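A single chain comes next, written as C-alpha cells; it is the form predicted alone.
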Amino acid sequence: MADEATRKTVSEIPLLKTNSGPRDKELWVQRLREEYLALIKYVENNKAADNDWFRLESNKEGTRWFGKCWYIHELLKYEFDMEFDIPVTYPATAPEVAIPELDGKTAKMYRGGKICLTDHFKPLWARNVPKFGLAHLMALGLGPWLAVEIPDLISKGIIQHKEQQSS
C-alpha cells in the first residue's frame, strides 16, 4: 500500500478523461493535451516541494518519449537517460520505461534496460485506465523504482557517481 506522501502526490496529479491511443488520431490529440497538462502540474508540484527529479519530452506525434531522470543519494546526483514508446494499445497498456545505461545491472530490469513494473505498478495502472497517464507512470512507476534500485546499485558498487568514475 502506498504511504501518505505518495497518496498526496498522486492525488494532486490531474486524472485523464480521454480513453484514446495513438491509432485514434483525433482523440489522441486530446489525450496528449491532457497528458501534457498532467505532466506540467506534476512537475510544478515537484518543484514546489523541492523534489524535481526528471525532464521529459516527446516527438511531434507524442508516441516516443525521452529525457533524463535523476536520483540524489548522499548529496550526489546520479543522472540517467530514459526513454519509452507509447504502446499501440495505450492507455490500456502502460508504457515500458527504459534506462539503457542500467541494462543488465539489476534483476529488476528487462532486456534493453526496461524497468520492471510488473508486480506493483501494472495492476494499479490496469485498475485506473484511462484515468492514469504519463505523470502517474513517473510518480508511481519510475520514481519508486529509482528510490529502491539506485541506492542498492550504489551500495553494491555496480554504479558510481560520475566524479568517482573519473578518479
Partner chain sequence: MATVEELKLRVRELENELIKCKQRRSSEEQNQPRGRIERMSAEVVDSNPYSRLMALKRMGIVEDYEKIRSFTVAVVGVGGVGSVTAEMLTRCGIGKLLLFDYDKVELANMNRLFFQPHQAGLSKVEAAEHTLRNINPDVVFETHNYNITTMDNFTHFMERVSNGGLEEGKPVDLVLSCVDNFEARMAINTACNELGQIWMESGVSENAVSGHIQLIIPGETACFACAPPLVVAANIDEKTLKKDGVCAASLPTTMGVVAGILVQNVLKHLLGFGTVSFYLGYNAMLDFFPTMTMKANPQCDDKHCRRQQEEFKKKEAERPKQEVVQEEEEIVHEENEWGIELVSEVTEAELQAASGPKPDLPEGITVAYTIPEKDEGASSGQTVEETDQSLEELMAQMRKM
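Quantities reported herein were computed from a predicted structural model and do not represent experimental measurements. Residue numbers count along the first chain shown, from 1.
The same protein also exists as the form predicted in complex with the partner chain; that form is not shown, yet it is the one meant from here on.
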Closest heavy atom of residue 92 to the partner chain in the predicted complex, within 4.5 Å or not? yes
Considering non-hydrogen atoms and a 4.5 Å limit, does the partner chain approach residue 123 in the predicted complex? yes
Non-hydrogen atom contact residue 50 with the partner chain in the predicted complex at 4.5 angstroms: no
With the partner left out here, check for me: in the predicted complex, does some heavy atom of residue 76 sit within 4.5 Å of the partner chain? no
Does anything in 108-139 come within 4.5 Å of the partner chain in the predicted complex by heavy atoms, and if so which residues, in order? 108, 109, 110, 111, 114, 116, 119, 122, 123, 126, 127, 131
